[in-house]
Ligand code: HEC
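A lone chain, given as structure tokens: the form predicted on its own.
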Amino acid sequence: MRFLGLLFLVSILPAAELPRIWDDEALKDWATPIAALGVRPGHYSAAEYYAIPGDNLKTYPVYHPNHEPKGYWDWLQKQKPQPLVDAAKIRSARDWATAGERAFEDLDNLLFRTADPKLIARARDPEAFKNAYLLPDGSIIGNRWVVTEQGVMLSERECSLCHVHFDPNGKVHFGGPAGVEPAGPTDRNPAGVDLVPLAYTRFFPGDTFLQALWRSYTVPWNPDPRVEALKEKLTHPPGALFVGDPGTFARFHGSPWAQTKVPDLRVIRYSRYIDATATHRMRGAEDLARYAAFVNGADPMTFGPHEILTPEQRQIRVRYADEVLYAIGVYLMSLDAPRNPNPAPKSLRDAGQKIFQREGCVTCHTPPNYTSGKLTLAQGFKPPADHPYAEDIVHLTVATDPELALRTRKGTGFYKIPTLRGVWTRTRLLHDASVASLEEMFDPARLKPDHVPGGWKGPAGDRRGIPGHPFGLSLTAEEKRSLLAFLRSL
């Protein structure tokens, strides 16, 4: 990934002025109100957040046992804990971004860490890595070793496990749009030893795995019978409930039946909000750091009078050191999507640009960022006149599936307008990743009920139409060809 240069980085704070990530004043207006309740989700106070020490530990590769360097395991046992981000060595904005790149790629999920001898033995067993995708050095993408004061533990990558992209040559790109390009390694498992059930029961102590799964998605003010049934039994294979497609994920507060596209973080700097439904404001590196803290344990799951967690569960158990999160935020804000190395002929792109302007695409996807940064309405939502984001609300809907934005705990009533920069690299489009290509996006056949989505199909894998965003569906074949050529040049 390429850095944008100094335009953003020159404003980054030196190490001596590391900002306080979990700041009560910044949190007051950070989260977006829930549409059905008219209140912002709750958050922990700074006093609660900083009551426990921040974690900042370097991690190490987990190799396929048949590819592990000679003596590596014995060497690992002799190592001492080292910081993942050493703020004392940071002297410049570039240093922050470089440290953030390493932290983004190597950070492990604290709730996944385990010293369980059986799980560690499994990570040393070739049988655990059948069909695993291997990086060029023979290591796997998912699991990591962590050297702690208590010894070597097994864990799993955090940010980069989801934000990973495979190109047709099988090369891995972290931070880009999740998924696999055509001819990429679609049949390979990136994770390794599965630690998800362990993490769920740690975040929800006292719950069985099924109860924890239900608690991740239940909506007390608008119960979904499919979610409520999860307390009793798995209605689908776990993989389909968590990740139904390489480009989607059933995130906490969402739903297995309204999954969310894993976003392209290389273009997050063009957004004013985080998440497809704009659940939080995005005002800079600190907000990205804040969001990383939020999704990694700093979430009390309170929505007005509704408390999702039990009193025992409603406490912060783990947190990352501020320098780790800030470095990641700085790194992500410094990125941009790559330019297409093989653009269409200029005449075709110019014709496509004229169509882009003629069809009014520039209203929402405004150059040069190719987004206005504003919010469109989910179908059926009418925001109050005094909504805190009134100036950013576009009072129209593009009529895409409203379930995520209205019927889940991510239900702000909005979908943010994405940037089209780097759209040529994305293998999944729309907020739920149901569209797999620009060709499918502009094909009117996708509206029909017997359409088979090229992307996310849902846990049941049914045929279904992909509603909404009707713009461009009536263009001629030549007009579409020109428009796609232009879009793939952005």
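Note that residue numbering begins at 1 and tracks the sequence as displayed. Please read these numbers as outputs of a predicted model, since none were measured by experiment.
Another form, the form predicted in complex with this ligand, is not on view; read the next lines as being about it.
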| query | Going by a heavy atom distance of 4.5 Å, is residue 359 a contact of this ligand in the predicted bound form? | reply | yes
| query | Would residue 469 sit within 4.5 Å of this ligand in the predicted bound form, counting heavy atoms only? | reply | yes
| task | Mark residue 487 yes when one of its heavy atoms lies within 4.5 Å of a heavy atom of this ligand in the predicted bound form, and no otherwise. | result | yes
| residue 210: touches this ligand in the predicted bound form, heavy atom cutoff 4.5 angstroms | no
| Taking 107, 263 and 291 as a possible spot, do all three reach this ligand in the predicted bound form with a heavy atom inside 4.5 Å? | yes
| field | Selected contact from 62, 423, 57, 34, since only one has a non-hydrogen atom within 4.5 angstroms of this ligand in the predicted bound form | value | 423
| message | Considering non-hydrogen atoms and a 4.5 Å limit, which listed residue (275, 323, 245, 101) is close to this ligand in the predicted bound form? | response | 275
| message | Taking 4.5 angstroms as the heavy atom distance cut-off, pick the stretch from 397-405, 123-131, 137-145, 217-225 that is near this ligand in the predicted bound form. | response | 397-405
| query | Looking at this ligand in the predicted bound form, which residues in 409-426 have at least one heavy atom within 4.5 Å of it? | reply | 410, 415, 416, 417, 418, 420, 423, 426
